[in-house]
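As a starting point, one isolated chain is supplied in structure tokens, in the form predicted on its own.
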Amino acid sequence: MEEILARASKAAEEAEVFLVTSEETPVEFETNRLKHIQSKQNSTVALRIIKNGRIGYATSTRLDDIEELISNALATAEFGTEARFTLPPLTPYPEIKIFNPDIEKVTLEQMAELGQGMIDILTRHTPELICEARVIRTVTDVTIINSHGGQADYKQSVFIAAIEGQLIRDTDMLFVGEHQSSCHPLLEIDDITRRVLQQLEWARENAPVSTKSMPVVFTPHGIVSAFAGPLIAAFNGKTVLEGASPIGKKQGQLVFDKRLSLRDDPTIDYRPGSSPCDDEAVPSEVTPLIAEGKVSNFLYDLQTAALANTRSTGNGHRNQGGQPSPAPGAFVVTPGDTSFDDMVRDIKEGLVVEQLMGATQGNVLGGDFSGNVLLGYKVEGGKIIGRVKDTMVSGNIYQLLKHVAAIGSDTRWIGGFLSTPSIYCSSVSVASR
């Protein structure tokens, strides 16, 4: 890396080298049986330069071909975007615990037993259930150096346990599932299987639903499929800069319910979305986005922040070898004080939405969503009475989150990037056939 930086610095005004090395070991199950176990090692080096005021960028998986990497970066700089930022100098970083060496001690046999254990528990309950399961451990090393003396390096461990089940009865198809992720080894599967067993119990009977507006409780998984996409887009500093965010000019204004608060927090120990810095070596920090209903801040990387005449919030992240762009580390919704059971008990007729399919195909930037209920339940008289089929829910997140009936106390991490409780909306459009 030092040699790449030294040579690139001679050919350009500024240079940055980003190296990520990972070892991933997935144990995968298909149709209730072990499919394969494999270990994959990957190394990718990315070079970003500023030449004649323009950004050049190149990536490679060959760490020995320095000349080609520099040549490609210089070639792209001829047509690159004008650079409005300078790379950060050496700076201290927050101490965030994101590596647990015990993950490397988990054997393949233990991982296989975890996957098969999840399947066995579920199929004992429902023998016809066809399951796919994944148990994955990953160890990643990240190093960033630049020509201004900036330097960061860290190691992260991630462990994932996930299971999905499919139950087919005649023309009826039921999908259930749950997953967890952590920087710690996940050697207990009780919480995962308990949630899927609850899904199976609630879905034991089918229940009809009317076409009309009605109360809906979105579980944490439901929030991911309905609300997360529009919110991530709205708080992206690049979207704001382009004038495409519906809340871009509403900083400090009350846009959401006063009970709703949201922050980006990549500083939480042992969470997969955490890190001491972003992919530009800018220190990680907590960024309030919604404070008691008011729009507080947006997420910026170096370039977007410079264009917006503000500073980076430490949210410059690279996706699949691309250049850094604004993205959240970990969205955290502040929990409320209403239990999930109390929310359900409050509903005379309504739905619980666990999973939507295709909800983000509408006008995401405008906050619209519309999706088929892949997994959801009918509520009558304060009780869940069965699963709904052939049902669609739709709405606009800014209208729904302007006045919510309640915010739950049942906070859960979903996918390592979102921590949220259930949210109870008093009136959502529901269509059934």
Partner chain sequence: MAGIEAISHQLAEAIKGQDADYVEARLTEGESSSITYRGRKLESIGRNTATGGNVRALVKGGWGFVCFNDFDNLPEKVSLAVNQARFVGKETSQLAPIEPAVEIVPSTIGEDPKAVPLAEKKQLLDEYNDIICGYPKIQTSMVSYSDSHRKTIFLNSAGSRIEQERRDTALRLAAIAASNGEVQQAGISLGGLNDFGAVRGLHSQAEQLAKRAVDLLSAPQVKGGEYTVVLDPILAGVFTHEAFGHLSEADFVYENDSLREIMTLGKTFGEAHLNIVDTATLPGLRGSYKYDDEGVPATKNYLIREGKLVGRLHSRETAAKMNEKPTGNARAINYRHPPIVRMTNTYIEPSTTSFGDMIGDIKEGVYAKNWYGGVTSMEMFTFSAGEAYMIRNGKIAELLRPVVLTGNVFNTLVHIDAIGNDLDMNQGGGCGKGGQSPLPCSNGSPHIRISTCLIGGR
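Values in this document were obtained by computation on a predicted structure and should not be read as measured data. Positions refer to the first chain, counted from 1.
Heads up, the form predicted in complex with its partner chain isn't pictured, but that's what we're talking about next.
Looking at residue 173, you'd find a heavy atom of it within 4.5 angstroms of its partner chain in the model of the complex.
Contact check for residue 308: no non-hydrogen atom falls within 4.5 Å of its partner chain in the model of the complex.
None of the heavy atoms of residue 382 is located within 4.5 Å of its partner chain in the model of the complex. Mapping the unseen interface onto this chain, residue 403 falls outside it, with no heavy atom inside 4.5 Å of its partner chain in the model of the complex. Exactly one of the stretches 154-162, 223-231, 103-111, 334-342 approaches its partner chain in the model of the complex with heavy atoms within 4.5 Å, and it is 103-111. Looking at its partner chain in the model of the complex, residues 31, 37 and 358 each place a heavy atom within 4.5 Å of it. Of the candidates 187, 168, 90, 286, 168 is the one whose heavy atoms come within 4.5 Å of its partner chain in the model of the complex; the others do not. Only one of 273, 293, 246, 177 comes within 4.5 Å of its partner chain in the model of the complex through a heavy atom, and that residue is 246. With contact defined as any non-hydrogen atom lying within 4.5 angstroms of its partner chain in the model of the complex, the contacting residues in 61-98 are 61, 62, 64, 68, 72, 75, 76, 79, 80, 81, given in sequence order.
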